[in-house]
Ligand SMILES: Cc1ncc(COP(=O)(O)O)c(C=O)c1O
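Single chain ahead, by itself, as structure tokens, in the form predicted on its own.
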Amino acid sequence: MLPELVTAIPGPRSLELAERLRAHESRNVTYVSPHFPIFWQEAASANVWDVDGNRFLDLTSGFGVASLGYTPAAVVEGAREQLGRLYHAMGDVHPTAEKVELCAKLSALTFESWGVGPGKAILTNSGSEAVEAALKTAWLATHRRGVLAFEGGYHGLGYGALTVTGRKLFRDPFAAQLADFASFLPFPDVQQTAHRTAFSRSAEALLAPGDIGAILVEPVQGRGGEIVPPEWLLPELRVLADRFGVILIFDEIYTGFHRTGPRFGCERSRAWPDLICLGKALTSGFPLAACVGRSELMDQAWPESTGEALHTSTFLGNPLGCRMALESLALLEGDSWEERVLALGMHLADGLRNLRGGCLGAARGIGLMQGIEVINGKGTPDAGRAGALVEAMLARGILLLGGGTEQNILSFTPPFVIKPSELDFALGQLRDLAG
């Protein structure tokens, strides 16, 4: 449904809650201005209602989580049944059947599906923790401390994940406490001149000394600004990983589960990782993620438990989260989401390209993971204008996020259930504001 606004945006209740939040939450967390944020009350499909009764059209999927739309019936009913029966257990001591089923399902959807063999999972509470579980696995398997990562990459803000995140905005305030095991290469962009030979030589120079044990990459950079690499990148990383005996890690927390079209972003180029990190759309809304690896690698790296797990947490394998993941995965496997996402993505891409002009620059992305640059009169990034457009779109009932390393990208990651007419409406509003 299209937006329906009954108050000014933000409405009086949202303004009141923002004032209270500023009094009690660390001020670095939630951005607050006279025009931002709204406070959510409920959501369904591609719509969100705020505490003032305004209906919004969501182009964010709640950071890519609500790929199936908000509150899909099967997930809600499954969660309700699980909540009434058991919503906490001892995940690394006395687990539940739901944990078993989810680990088996993740193996089936990843390494078994690719013909590699069985996989084994470490369930986590967040994507950042899944990345850190992958880094630990690589260290235990190789005993090489180095990690090759990419400029612009985003892998989370815990100290381990932050160390391999290629964003100065997040790293610099904590640089004195970060370890020095990450080396960064520029991320090849399909829209720019990206030479495979030159890239490989740069990577080889870093890998040759033999102190790097892992390569970590997003198949498409999400928070880096919807940057799609050339199709040779992942296969080339697979070749390099095999040549130098390092562990190849794909961070598919954002790209996984059909966000770019195929089930996983790596399936576009048919290059398979040793470890894959999953999250976001995995549960349709519960804080649960996973690091899944080739079974033989996981057994090589991690010792048998003797009663104390080397990587665990109080809520590992939470039964409510596992049940929501199982229900979400059943829905994701039950329909032709790849075809739908690719068709909607083409529609969105055409619409974004037609917006180019004025303060709007090049569009980019794939599937339902796309963005458009906001630039100034000199053609350089304009983060201030991008932020103003996000606020202006909110005032018209459209939820949109900014992103990119220069913070000048308007990011479009809508739910898969959005309609072409709803996308057209949102693009029309952006055209009016940017014109």
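Residue positions are given as counts along the sequence shown, with the first one as 1. These numbers come from a predicted model, not from an experiment.
Omitted here: the form predicted together with the named molecule. The next part is about that form.
Here is the short version: of I253, I247, A134, A325, the single residue with a heavy atom within 4.5 Å of the named molecule in the model of the complex is I253. Exactly one listed residue, out of K99, R364, R223, H258, brings a non-hydrogen atom to within 4.5 Å of the named molecule in the model of the complex: R223. Mapping the unseen interface onto this chain, G156 counts among the residues with a heavy atom inside 4.5 Å of the named molecule in the model of the complex. Shown alone here, G127 lies within 4.5 Å of the named molecule in the model of the complex, counting heavy atoms only.
Looking at R294, you'd find every heavy atom of it more than 4.5 angstroms from the named molecule in the model of the complex.
In the model of the complex, at least one heavy atom of E218 sits within 4.5 Å of the named molecule. In plain terms, the part of the chain that comes close to the named molecule in the model of the complex, with a heavy atom within 4.5 Å, is 147-155 out of 91-99, 147-155, 354-362, 196-204. Contact annotation for 263-282: a single residue, K280, has a non-hydrogen atom within 4.5 angstroms of the named molecule in the model of the complex.
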